[in-house]
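Consider the single chain below, provided in structure tokens and representing the form predicted alone.
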Amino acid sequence: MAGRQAVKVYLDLLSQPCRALLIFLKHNKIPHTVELIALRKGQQKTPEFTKLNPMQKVPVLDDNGFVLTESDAILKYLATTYNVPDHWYPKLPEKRARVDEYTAWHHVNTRMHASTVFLQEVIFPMMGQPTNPAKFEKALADLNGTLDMLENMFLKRQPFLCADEISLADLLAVCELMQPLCSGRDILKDRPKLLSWRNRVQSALSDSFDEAHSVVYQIREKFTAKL
């Protein structure tokens, strides 16, 4: 877009939504700069960042002075503001509504349950807190229910979650479902339909997928080396 400077994003790549945003920017060649915010160091609590986002969370987008928080809102803003293929967030109301349907469901299903597994198995032990067996088993059971729904509803008749092509729904979902891999736990290994879907998503995203997930692969190596 003529006359516009590159967008600036504030990210921590251990964050699933941050990885989704970075992948989207890179894959669609949207000019951008990245400022890394290390949540583990509390950098989101500095006065400078708090002024930018009083909620002290990442990701944050600064598009030529327009500041936006929340990954879902940021991705949809970029998809409608910049020249990206329509399949990401279709203009046709019915097709767009399917993406919105998934992203509304995503936050308290895919994201919540995969994140809880990751917290219980990786983050809490790293902080010196033992995994709570009961909470961990419940998180796994809840996540299995979510995976069932992904297979039986969203992937019932199509290769991607909302259509025949990749969309923001697939991008957000795959980044969440990669997170438990930090411990070496591949939650899709016994689910051929979801494995095939993940392979299609990864293929569609090409190098940007592995580049963004390098932090996950690094943690997996360290975590499994301790076992």
Partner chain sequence: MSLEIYLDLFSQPCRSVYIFAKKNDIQFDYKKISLFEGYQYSEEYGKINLLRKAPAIKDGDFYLAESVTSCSVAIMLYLTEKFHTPDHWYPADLQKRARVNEYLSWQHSTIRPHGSKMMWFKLLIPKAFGTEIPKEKMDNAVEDLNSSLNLFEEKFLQDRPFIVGDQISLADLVAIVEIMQPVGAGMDVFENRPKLKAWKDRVRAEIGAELFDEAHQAIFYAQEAVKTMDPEKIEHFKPKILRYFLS
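This one's a predicted model, so the numbers in the text were calculated from it and none came from an experiment. Residue numbers count along the first chain shown, from 1.
There is also a form predicted in complex with the partner chain; it is not shown, and the following applies to it.
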Give a yes or no on whether each residue among F66, K76 and A141 has a heavy atom within 4.5 Å of the partner chain in the model of the complex.
yes
How about E165: is it within 4.5 Å of the partner chain in the model of the complex, going by heavy atoms?
no
Examine H87 and determine whether its closest non-hydrogen atom to the partner chain in the model of the complex is within 4.5 angstroms.
no
Looking in the model of the complex, any heavy atom of V108 within 4.5 Å of the partner chain?
yes
Given that the partner is absent here, does M153 sit within 4.5 Å of the partner chain in the model of the complex, heavy atoms only?
yes
174-182, 192-200, 66-74, 30-38: which one contacts the partner chain in the model of the complex at 4.5 Å, heavy atom to heavy atom?
66-74
Going by heavy atoms, what in 72-106 lies within 4.5 angstroms of the partner chain in the model of the complex?
D72, A73, K76, Y77, T80, T81, Y89, P93, E94, R96, A97, R98, D100, E101, A104, W105
